[in-house]
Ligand code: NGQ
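Quick heads-up: it's one chain on its own, the form predicted on its own, in structure tokens.
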């Protein structure tokens, strides 16, 4: 199948009627024609088409850890449970992962993502070495497992190997729990050079993720960015930043600046960059970061799960900022639910409704979907134009909603999307999902659903027996 017809489709300009989509053998859209009739032999989808959502922030292995920290335990320095106590438990879990387990977890996660309306993922990959912190015989072994998981499931992949060198601002040495993450700048650039042809052959976008300012000292960041530019000056760059108030305080103590201000003063931040979380910014940082062209990478379910805080979306949008969504630690794997949580967080903070709607797009689910798709496409490092969604030149990534679902039946298409986000079980109203022009989910299920789920459960069971 290289063509499809929909009575309703959400294009970058808004909802359109009677749309025919045509795509190439490479899975990129070559025609998006509204107000037309289906060509002979072209199938019609039974519900509205919406663009697949890019998932711009993922730590795949953490899916096997979801649900296992929801209890109150002893936290450092007598404090309540927080991101930092959660991180200690996560390190303990990450210490036991085998390459086979990483691949099994990622394969199931990518199946889940596709079934939940994500059609591509930015994998922020930082477990590099064996359980003792030594490189594998093939230094790319764990990255190659992620590539195989993406290829098997059909999800689009932006692979972001993570540079991790220190445990805190000022060059603090890494701790034992970080031993599998640590890599010199030279070793990172060598890894990228080796992965580059493999990713090209698979149609995977390759970039770099300096983990955070606390994990990469200034000289490491400067050298890594220069080396990346020598390999690919268009490659995407993602970084965790200003996620926690303790991180902001530590950065101020080290440099006299807040994290986002420091980054903007010391790196050429532009549209290649994704600032993951960026939860705690000053007014000036919101303005400066938005003006840089960088995408804010928001992860509402993880930010809620870890008690990070709430991003001020109206302030970001008023400054002209782009944004996208990620599922991060995968406490939730559900594209529509991330949209719902983002809007609900803003409602709770501001005591208003439909906060992220706009004059141009008064339907809040429509407005959020279009913005998240555009920002996610940009953060994924796709070739221009970075509008994302159902437009010529973009990947043929789209989701067909189930028009017969009880929450959607009989509604106009924009209201169907609203019901999908706010009134269904979020996944239950998805009928089919296409990634790069291939139907990967039919009747709500991926072809690998059963086998991948069984492999995931087996991998998690073995992990829990050793932690």
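No experiment lies behind these values; they were computed from the predicted model shown. Residue numbers count along the first chain shown, from 1.
This next part talks about the form predicted in complex with this ligand, which is not shown.
Check your understanding: Every residue in 108, 112 and 440 with a non-hydrogen atom within 4.5 Å of this ligand in the predicted complex?
Key -> Contact check failed for every one of 108, 112 and 440.
Check your understanding: Would residue 96 show up as a contact with this ligand in the predicted complex if we use heavy atoms at 4.5 Å?
Key -> Heavy-atom contact with this ligand at 4.5 Å: absent for residue 96.
Review point. Taking heavy atoms only, is residue 261 within 4.5 angstroms of this ligand in the predicted complex?
Key: Looking in the predicted complex, residue contacts with this ligand do not include residue 261, since no heavy atom lies within 4.5 Å.
Check your understanding: Might residue 90 be said to contact this ligand in the predicted complex, defining contact as any heavy atom within 4.5 Å?
Key -> Yes - in the predicted complex, heavy atoms of residue 90 and this ligand come within 4.5 Å of each other.
Practice item. Tell me, yes or no, whether residue 273 is in contact with this ligand in the predicted complex, where a contact means a heavy atom of each within 4.5 Å. Key: Heavy-atom contact with this ligand at 4.5 Å: absent for residue 273.
Check your understanding: Among 284-292, 302-310, 99-107, 185-193, which stretch has residues whose heavy atoms lie within 4.5 Å of this ligand in the predicted complex?
Key -> It is the stretch 302-310.
Exercise for review: Work out which of 330, 128, 277, 395 lies within 4.5 Å of this ligand in the predicted complex, going by heavy atoms.
Suggested key: Partner contact (heavy atom, 4.5 Å) among the options: 277.
Review point. Taking this ligand in the predicted complex, which residues along 226-246 bring a heavy atom to within 4.5 Å of it?
Key: The stretch touches the partner through 240, 243.
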